[in-house]
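Presented below, as structure tokens, is a lone chain in the form predicted on its own.
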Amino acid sequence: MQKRVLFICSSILVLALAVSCGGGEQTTNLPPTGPGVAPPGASAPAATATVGGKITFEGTPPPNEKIQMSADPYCQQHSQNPTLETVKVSDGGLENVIVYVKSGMPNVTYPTPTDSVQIDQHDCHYIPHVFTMQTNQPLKVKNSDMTLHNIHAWAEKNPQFNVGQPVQNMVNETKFANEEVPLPIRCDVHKWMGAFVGVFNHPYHTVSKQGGTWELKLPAGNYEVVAWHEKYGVQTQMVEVKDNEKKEVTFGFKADSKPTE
């Protein structure tokens, strides 16, 4: 009888302590959420903010190296005064700059786009010269020329893609599973042919266009935004935006700038 009373009293004491300490609420081992952190399985907030601007260029653009195509008569016939595309300036702005969010984006898994990105080999040049895509997004590689091309992705964080395309309008498809910026692409047959791709596990990336203009749609937040160029390297800025806010960010490169990592 005495043991039974002691058991009942102990049970009441434990219950009382649980109610007084926890207020009857359940606890979990999940980490607390905070800025840039989302619960498991959550989707990204709506990208209502706009961040954009211009990649300015100061000084006289250095001349791009002339290409000698005499080794392939087809290339020589179809390309007039060909040069490399290392520095392309228009309306005072630098084109072919990869602009992307490096940190601050919501920590969620982003859906993989089903639409494919395409790189074409046309008149013995890669079109586009610089582009971005998402991890596991399909990349179509096309040969529009009546000559042999061999496209070689010199990846370091992804398996290398290396395939010959001897037939006009031949198309191959590949994917990159890991983030990599930049991922160089070369042609083993025509050494002057080169391109660069930025591969990201989120959708917040783009390439500067005519006049060096660029634009990103982002959720509200505080972000580290990076601009990368094949000759002049990297520049970084922090930017904070609210829902439905538009903010201008300007990156600037100079003709005599040294490359930065």
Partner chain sequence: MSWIYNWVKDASQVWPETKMPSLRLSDQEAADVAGYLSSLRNPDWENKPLPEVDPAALDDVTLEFLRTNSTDIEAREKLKSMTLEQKNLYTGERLISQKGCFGCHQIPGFEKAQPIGTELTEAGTKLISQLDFGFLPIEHSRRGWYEQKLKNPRIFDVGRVKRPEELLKMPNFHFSDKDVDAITGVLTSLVRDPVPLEMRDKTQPAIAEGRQLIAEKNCKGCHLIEGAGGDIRPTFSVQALWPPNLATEGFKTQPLWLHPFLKDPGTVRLRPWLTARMPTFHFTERQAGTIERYFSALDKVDYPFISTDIDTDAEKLKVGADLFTKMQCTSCHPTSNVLPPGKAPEDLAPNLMLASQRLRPEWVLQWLADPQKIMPGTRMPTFFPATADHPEGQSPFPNILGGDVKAQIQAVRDHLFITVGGGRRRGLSTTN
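These numbers were taken from a predicted model, which means no experiment stands behind them. Positions refer to the first chain, counted from 1.
The following text describes the form predicted together with its partner chain, which does not appear among the structures shown.
- Residue 127 falls outside the set of residues with a heavy atom inside 4.5 Å of its partner chain in the predicted complex.
- Using a 4.5 Å cutoff between non-hydrogen atoms, residue 116 does not count as a contact of its partner chain in the predicted complex.
- For residue 156, no non-hydrogen atom is located within 4.5 Å of its partner chain in the predicted complex, even though that partner is not displayed.
- Shown alone here, residue 162 lies within 4.5 Å of its partner chain in the predicted complex, counting heavy atoms only.
- This chain is displayed alone, yet in the predicted complex one of 147, 76, 86, 135 has a heavy atom within 4.5 Å of its partner chain; that residue is 147.
- Proximity to its partner chain in the predicted complex, defined as a heavy atom within 4.5 Å, holds among 189, 108, 181, 101 only for 189.
- Stretch 66-74 is the answer when you ask which of 49-57, 218-226, 66-74, 193-201 has residues with heavy atoms within 4.5 Å of its partner chain in the predicted complex.
- In this stretch, 235-257, not one residue has a heavy atom within 4.5 Å of its partner chain in the predicted complex; the partner itself is omitted from this view.
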